[in-house]
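Quick heads-up: it's one chain on its own, the form predicted on its own, in structure tokens.
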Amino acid sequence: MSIDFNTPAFEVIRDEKRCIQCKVCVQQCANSVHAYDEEEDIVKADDMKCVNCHRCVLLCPTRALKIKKYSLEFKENANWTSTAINEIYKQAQTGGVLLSSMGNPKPFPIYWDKMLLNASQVTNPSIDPLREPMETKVMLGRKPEKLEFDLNGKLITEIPPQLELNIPIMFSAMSYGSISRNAHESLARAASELGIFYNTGEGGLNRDFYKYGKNTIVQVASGRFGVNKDYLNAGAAIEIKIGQGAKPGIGGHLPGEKVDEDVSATRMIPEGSDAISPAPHHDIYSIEDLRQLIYSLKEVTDYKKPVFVKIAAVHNAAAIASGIARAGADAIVIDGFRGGTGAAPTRVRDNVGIPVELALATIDQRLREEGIRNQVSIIAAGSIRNSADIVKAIALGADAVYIASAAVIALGCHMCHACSTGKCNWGIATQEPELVKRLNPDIMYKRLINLISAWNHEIQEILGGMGINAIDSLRGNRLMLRGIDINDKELEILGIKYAGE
């Protein structure tokens, strides 16, 4: 018999004195980690199946369970780490590509944490947002070169289509199929109540969610799943997905097991078939091709909806963004390498792309130097974790941000990085009916509202501390940022000074 050289990633520790054999863990674990042994009258655990989602730990009524990292030690070697060795064992056994979920976990610099914000003192006093007006509303879309008014003061300049956000935050693309119907509904309802937007992702839009259309951004990706005239006109804006931060340069794959009857109808593909997105759009091989698609989408929607273009953060993102702006896009979405995903090849997720902070800064600077910054809005994405990250992103040049990982964490995600299995114990990244039911949209959409509302309060406090009373006044204002523990080249790319200067 062949030996499986892999050991468990995690170890389930059960306190037998506390365990009352209630079997809640057995019933709740979608990965079949826990099993009841009738002969011995005990519950046992198969550590090899554990993904550390925490559900059994949190639902155990007597707190009898703990999950710990498995303690097998390899001989210490800075180059051949246990992760590198175990990955080779796995591929030698299966011959398959390693898949991972969520964003890049490697300890690369997190530039949000290396930037500090300025604060007002005496000569430029701070503002109290509780007692003074504070504006966090933003408009996304192409802005005119100038405004003209008639003799009565009435605006006569035609304004291109805009998206109006009460808060500069949107829910990023997560397709129906990769996430559950209940998760999708939670995002849609929260966006509608908050006066912001959520993105359908590349999986089309279920007919039941057309009622949220005025708060919906519909996506056109390389697979064109679910794309038709009704779909394009159902949303408030259209996003062309060229790239994704978690997997720049490659396509996507939704396994057929996740394509049930509802997902099949929404994506317009046969039930049970794999949904494979090719790496490129097969009608886009130049900026001119992209321009043609942008204007085709504008034509089919009577030029009433802004068109976004989403790209991954890569080393030449600034030049690409310049071309996108000149091609007629109303907004550019830049997605950094820490952006989440339902599934991506591990090697791509962990080694391709650059931080969104660096790409964002270079894009904003390039568009300003070329005199076309007003022609396009910029939306930053790729692991926006809190309100401070948002404020820093806007100071670097973003008009607004997308969040996805933070949103699913608010819905209960415990970052177990097992989305690709379809066995999400929290009812988020799954299509299995019994698991989907675990996420109640009537409750969970309120958690999203709480999160965004809390961040909005914090954004206002931070703006007030800077002496700024409108979020638009911060956009691209890098004088409000200072770097710490950053080298000269990084400071140059970010366009900020060192702390103390």
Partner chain sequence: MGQNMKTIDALNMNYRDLNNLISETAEVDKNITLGNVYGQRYIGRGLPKKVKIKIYGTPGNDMAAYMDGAELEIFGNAQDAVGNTMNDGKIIVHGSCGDTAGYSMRGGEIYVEGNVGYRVGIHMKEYREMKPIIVAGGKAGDFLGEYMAGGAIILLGMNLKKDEDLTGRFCGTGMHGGTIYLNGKTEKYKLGKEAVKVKLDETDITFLKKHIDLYSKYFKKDLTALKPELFVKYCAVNKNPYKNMYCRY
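All values derive from a computational prediction rather than experimental measurement. Residue numbers count along the first chain shown, from 1.
Although not depicted, the form predicted in complex with the partner chain is the subject of the following passage.
**Q** So if I measure heavy atom distances to the partner chain in the predicted complex, which of the stretches 305 to 313, 351 to 359, 391 to 399, 216 to 224 falls within 4.5 Å?
**A** Answer to the contact question: 216 to 224.
**Q** Hey, with the partner chain in the predicted complex, do Asp150, Gly153 and Pro160 all fall inside the 4.5 Å heavy atom range?
**A** Spot residues vs the partner chain: no contact at all.
**Q** Check each of Ile372, Ala236, Val300, Met139 and return the one that places a heavy atom within 4.5 angstroms of the partner chain in the predicted complex.
**A** Comparing distances to the partner chain in the predicted complex, the residue within 4.5 Å is Val300.
**Q** Quick check on this chain: which one of Ser322, Ser420, Ser192, Asn386 has a heavy atom within 4.5 Å of the partner chain in the predicted complex?
**A** The residue in contact is Ser420.
**Q** Is Trp80 part of the interface with the partner chain in the predicted complex - any heavy atom within 4.5 Å?
**A** Contact check for Trp80: no, nothing within 4.5 Å of the partner chain in the predicted complex.
**Q** Since only the chain is shown here, I'm wondering whether Leu367 would be in contact with the partner chain in the predicted complex (any heavy atom pair within 4.5 Å).
**A** So Leu367 does not count as contacting the partner chain.
**Q** Considering non-hydrogen atoms and a 4.5 Å limit, does the partner chain approach His281 in the predicted complex?
**A** Residue-level check for His281: yes, a contact with the partner chain.
**Q** My question is simply whether Ala119 lines the interface with the partner chain in the predicted complex - judged by any non-hydrogen atom within 4.5 Å.
**A** Output for Ala119 is no: heavy atoms all beyond 4.5 Å of the partner chain.
**Q** Since the partner is left out here, which residues of 226 to 252 would have a heavy atom within 4.5 Å of the partner chain in the predicted complex?
**A** The stretch 226 to 252, when checked against the partner chain in the predicted complex, contributes Gly226, Val227, Asn228, Lys229, Leu232 at the 4.5 Å heavy-atom cut-off.
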